[in-house]
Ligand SMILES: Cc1ncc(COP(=O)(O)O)c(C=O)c1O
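Only one chain is shown below, in structure tokens, and it's the form predicted on its own.
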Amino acid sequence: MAMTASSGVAQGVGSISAGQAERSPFLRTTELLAPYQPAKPLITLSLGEPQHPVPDFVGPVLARHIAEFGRYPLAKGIEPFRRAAASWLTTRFDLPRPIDPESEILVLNGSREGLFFAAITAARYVGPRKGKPAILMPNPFYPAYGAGARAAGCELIYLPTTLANGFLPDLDALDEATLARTVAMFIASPANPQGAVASRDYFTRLKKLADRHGFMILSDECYSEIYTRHAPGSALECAGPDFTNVVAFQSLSKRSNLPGMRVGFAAGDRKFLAAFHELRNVAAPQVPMPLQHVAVAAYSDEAHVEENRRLYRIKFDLADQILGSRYGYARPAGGFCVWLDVSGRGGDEAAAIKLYRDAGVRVIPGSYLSRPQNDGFNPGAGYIRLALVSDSESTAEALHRLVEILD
């Protein structure tokens, strides 16, 4: 039975007023932990900031192109960057056809700003809706989704991602009235924070909904290169020969350990990207050309990415050994986060305080990464998120401390 956005059913969908304030989950965590002092040297697992080494080629490439910091960059990206990104996409994924670097790629100042501006573009690009325009997103979700939807003047509709639905939005829970007023749906695969990966069948079903109701799929794929078993697919693989209604977002932050460089790209539906470019050309931050040249080198090299995966694989092997089946732990299909059920340890806030105060391990409460549905159900409540971004020794120590304190 389909459930409406106003039904307030925990496993259905929920909405929130566009005017309701959004607060950073990291700021909320800082405030939660402020009254306490860690009893042991601090190990931070709350922030998903990769700590692996920066690739060796970064410095030399920047040095060769240092003079280009003296020029304004074009919003669409330099041609070598667009060609490199298109070539990487076409090689990495089983696409219906090669991506056109001239019309189907746009450089981004990191995927976050792209996701934000894409929501605004979708609200303008998609035709009139039957009712108040809405943007759908998984719950928990990346905060940029909500910020973009509010800036676009759309209703935010949260789709709970729980263990029961494989930590992906339940497409069967979307009723016709909700879909008729949808302008875009954000989907993250691998999901943040649970690491779930959408199958080809899932993307195909979502694409059929988007085509039938005329909304955009905004596919956040920035974790696609962090996996320990099978390489995740892309929404673009199921988007048809013109990639209609589908745009994928990529970033070098996770793939290449370059979170501070702020370079990514959007690829897909050329008509949407033309409108996206018009908005970004006057409103979005440009990407310095020397950084785009670094990105060309990054997208042309897989050795550093394979090494990156090897380092994460070591840490997930440690998690397998140390956590076992505690707290509902299961090795995620993608990404570098661990999603632990601490509902039996006093809840997510209490567990975060205890781990920080008694173990010197900083994690983020799951309820801070999500929002309550209409009936008050928060799908992140009772969970904590750990980002396995530190070195393997620190990771092992943090996990041992976690088990000692929570058990």
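Residue numbers here begin at 1 and follow the sequence given. All values reported here derive from a predicted model rather than from experimental measurement.
What comes next is about the form predicted in complex with the named molecule, which is not displayed.
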Item to check | Contact assignment for the named molecule in the predicted complex, among 158, 243, 145, 299, heavy atom within 4.5 Å | outcome: 145
Checklist entry - Only one of 262, 150, 293, 181 has a non-hydrogen atom within 4.5 angstroms of the named molecule in the predicted complex; which is it? => result 262
Item to check | Region of this chain that lies against the named molecule in the predicted complex, out of 245-253, 70-78, 168-176, 300-308 [heavy atom, 4.5 Å] | outcome: 245-253
Checklist entry - Using heavy atoms and a 4.5 Å limit, would one call residue 234 a contact residue for the named molecule in the predicted complex? => result no
Next on the checklist: Taking the named molecule as it sits in the predicted complex, is residue 112 near enough to touch it, meaning that at least one heavy atom pair lies within 4.5 angstroms?
Outcome noted: yes
Next on the checklist: Considering non-hydrogen atoms and a 4.5 Å limit, does the named molecule approach residue 222 in the predicted complex?
Outcome noted: yes
Checklist entry - Can any non-hydrogen atom of residue 192 be found within 4.5 angstroms of the named molecule in the predicted complex? => result yes
Next on the checklist: Pick out the residues of 169-186 whose heavy atoms come within 4.5 Å of the named molecule in the predicted complex.
Outcome noted: none
